[in-house]
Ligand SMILES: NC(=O)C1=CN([C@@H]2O[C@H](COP(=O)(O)OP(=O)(O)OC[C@H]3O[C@@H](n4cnc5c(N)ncnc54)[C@H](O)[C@@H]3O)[C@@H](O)[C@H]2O)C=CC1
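Encoded as structure tokens, the following chain is the form predicted on its own, with no partner shown.
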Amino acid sequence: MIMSHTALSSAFSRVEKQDFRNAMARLGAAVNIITTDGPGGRAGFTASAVCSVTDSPPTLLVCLNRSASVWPAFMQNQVLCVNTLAAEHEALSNLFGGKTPMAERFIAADWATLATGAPILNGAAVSFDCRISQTVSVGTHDILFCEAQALVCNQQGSGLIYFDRGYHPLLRQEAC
């Protein structure tokens, strides 16, 4: 039986929350620790909802749940660093993704700062030190548009992705 476009559209017009979450688990993504520091305090969380927006000006977006305990610090500080994790940072990702007290999260790794004062993870695959230039609310989350002020690229090591509810190392290809 062949369904018309209209019948097919109406058959799939309602996406259930759990179905959407299960489908999103199949969308592999880099694992990042997003950090901030300033008047609102030092805070950080693990996120895969990060992507490039434009290179002029160099801008990324980061999605942050407004009910997250770290949300007030990010809103007050208006700076952040997107630290894209290397394969050896899986345990650190779990630490920043759980209910671990903030001080314990940060003592588990070595940090530096660049232009904004947001913590930069030493050994990250790449770190984007940013100022939040715009915030847009959608559903339960804020989309933070973040203009890069400085960055650090690690030319060694491998990456870390999250796919199908698990971590997977992403090996660097050898140059030909």
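Small disclaimer: the values here were computed from a predicted structure and weren't measured. For every residue, the number given is its place in the sequence shown, counted from 1.
Keep in mind the form predicted together with the ligand is missing from the figure; the text below concerns it.
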In the predicted bound form, Gln155 touching the ligand (heavy atom, 4.5 Å): no
Ala112, heavy atom within 4.5 angstroms of the ligand in the predicted bound form: no
Any non-hydrogen atom of His141 within 4.5 angstroms of the ligand in the predicted bound form: yes
4.5 Å heavy atom contact, Leu151 and the ligand in the predicted bound form: no
Location of the ligand contact in the predicted bound form, chosen stretch of 129-137, 23-31, 51-59, 112-120 [non-hydrogen atom, 4.5 Å]: 23-31
Contacts with the ligand in the predicted bound form, stretch 150-167 (heavy atom within 4.5 Å): Tyr162, Arg165
